[in-house]
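Single chain ahead, written as structure tokens, the form predicted on its own.
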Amino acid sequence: MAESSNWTHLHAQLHRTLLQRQILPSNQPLLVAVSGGQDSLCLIKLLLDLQSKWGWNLGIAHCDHRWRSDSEASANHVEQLAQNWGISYYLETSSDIPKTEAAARLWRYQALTEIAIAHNYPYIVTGHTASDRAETLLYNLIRGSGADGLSALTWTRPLLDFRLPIADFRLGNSGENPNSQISADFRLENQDENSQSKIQNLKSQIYLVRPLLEITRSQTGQFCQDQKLPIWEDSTNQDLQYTRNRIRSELLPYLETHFNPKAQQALAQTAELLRADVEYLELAASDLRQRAMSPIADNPQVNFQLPVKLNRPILREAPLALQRRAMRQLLQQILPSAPSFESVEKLTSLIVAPNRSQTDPFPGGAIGRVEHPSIILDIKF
């Protein structure tokens, strides 16, 4: 597209972001998740306007949870926009109304993944903004999260990473439980074996991309107003029973009024800085874990099958931050659900515990015990 009067600051900012970060390659099919709200409409309009520069093949996906009485009308509204723009439209409607935000989000990512696989889209693009990043940081801070949760919204990640943080929700939380967490493995319950196999083989080729993480919600709203884009207001975003909505409607405005008028940008910047730290620490912890794991007796292979043997002297040489991360990585592979802070601390404490110390059972029945100079993690019969 020519840089005409239609070329705005946000066009230039997104174009520059994509050039710098290389998160959406040129000449690729992009599946854009469009709810009809201001963030997703801003995203699809920007991508449409940049399409001639980047050579993308755009498609719109809309997920109808059937939560609202106007959800079908909302889906029709988005479909009409797709027709007006001359791009492909895909609709997924939930057969069962999700009971929680966690269930809704899991279904939404399953639906987007199914569409991407069926129609050969290697990239799923969502309209998460700097405001979402700020809200996520505050939400996870309140829950007692570590650096991983505070930097949860990343620019891009492969959908092969099945563990999806619950605080990434756009609409709220899952029942106000601070310890709740889901392990979203995208198992599609109603698919046949061939379809399941296809999904398993192709997921690693699909990336989730969030290109608007430097743009705030006020900017997307102004853009939609200037471009005369017809926003479909989601009434659930005003429901203050959800923690995220209270953060959005009450806490962030309070922080901006009384502490920092650019609180959203500052919090989003903090999340960006933490993300780089987290990535480095995860790599270092992975190296520590691999060095500490030893083969057991008649099994010369080192893997994540119980029993697992860990070298305590190697672990003791590392800083506590890496010890915790290494133990969490191990538990993520062994436990049936994402490990809690308490589970990680239990296992980490064995690094310096007296000989013959042991934990109470982890979820699934595994027990850690000290057999000097090792930690043994195994099922106790």
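Heads up: residue numbers just count along the shown sequence, starting at 1. Given the structure is predicted, the values throughout are model-derived calculations rather than measurements.
Just so it is clear, the following notes concern the form predicted together with a small molecule, a form of the same protein that is not shown.
Although the partner is absent from the chain shown here, none of 49, 53 and 227 has a heavy atom within 4.5 Å of the small molecule in the predicted bound form. The small molecule is not drawn, but in the predicted bound form it has a heavy atom within 4.5 Å of residue 65. For the chain shown alone, residue 30 is not a contact residue for the small molecule in the predicted bound form, no non-hydrogen atom being within 4.5 angstroms. Put simply, residue 133 is far from the small molecule in the predicted bound form: not one heavy atom of it is within 4.5 Å. The small molecule in the predicted bound form is approached by residue 37, whose closest heavy atom lies within 4.5 angstroms of it. With the partner left out here, the small molecule still marks one of 305-313, 119-127, 142-150, 253-261 in the predicted bound form; by a 4.5 Å heavy atom cut-off that stretch is 119-127.
Out of the listed residues 93, 237, 218, 76, 237 is the one that sits within 4.5 Å of the small molecule in the predicted bound form by at least one heavy atom.
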